[in-house]
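Presented below, as structure tokens, is a lone chain in the form predicted on its own.
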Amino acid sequence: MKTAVFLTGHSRGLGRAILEHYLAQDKVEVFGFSRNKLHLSHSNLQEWEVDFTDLAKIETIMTTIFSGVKADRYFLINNAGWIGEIKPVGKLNLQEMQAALHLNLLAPMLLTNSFVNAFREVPGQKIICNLSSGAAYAPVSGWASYCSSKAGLDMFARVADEDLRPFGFRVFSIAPGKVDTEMQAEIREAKAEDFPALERFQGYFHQGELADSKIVATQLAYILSHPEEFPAVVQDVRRL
């Protein structure tokens, strides 16, 4: 059984771990999309440099790529994301808010729409996975753009699943928990006056509470390969 995996944000963090997991599997071809290519020499990897805040360009690129792929299973993993500027409401910058919402919410919505248009009539297993966060339902002071975009992404996944199950699609919104990635490192560099939870997040790192990205990637891949075991759209890998 051949699997085609379309993965955004594949060049670092959890995305890189997901990439490495799938490249180690037989009969899996990965299409990676990030701001920067890895330039890996691997026969089952194709890469594109993409700015996910440029929505018009994304639609053109993805429509072309989707149309030329043939497999038995098709996975779209919307992993690319950004914490955004960490500042309280009242100090937010318009351009920063716009970029965060484009990357975290609008780009996955657009990619999902293009994916559905490309594979609606194509036989095979078709799964869409959005990387969510506990911040989708638990407000964190200083994270207005991130929390809002992830909450929106969860609801989009719920609606998309309602729309698409009759056509053979499954949609997931998966929260990976606290993972040891560059995003966590960026969070730890925030200014204390803008981020009241700074000390708590620094503690997660120093106390070894951040999950290994490779383990999380394996857990996520299990959900996508066994969708019948997970009837709910919203999932949390910490509950596996």
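Numbers for residues come from their place in the sequence shown, where the first is 1. A quick note: this is a predicted structure, and the numbers were derived from the prediction, not measured.
There is also a form predicted in complex with a small molecule; it is not shown, and the following applies to it.
The small molecule is not shown here, and in the model of the complex it never comes within 4.5 Å of any heavy atom of residue 142. Among residues of the shown chain, residue 35 is one whose heavy atoms approach the small molecule to within 4.5 Å in the model of the complex.
The closest heavy atom approach of residue 12 to the small molecule in the model of the complex falls within 4.5 Å.
Within this chain, residue 203 is remote from the site of the small molecule in the model of the complex, having no heavy atom within 4.5 Å.
Heavy atoms within 4.5 Å of the small molecule in the model of the complex are found in exactly one of 22-30, 190-198, 39-47, 176-184, that being 176-184. Listed residues 110, 103, 151, 127 were compared with the small molecule in the model of the complex; 103 is the one with a heavy atom within 4.5 Å.
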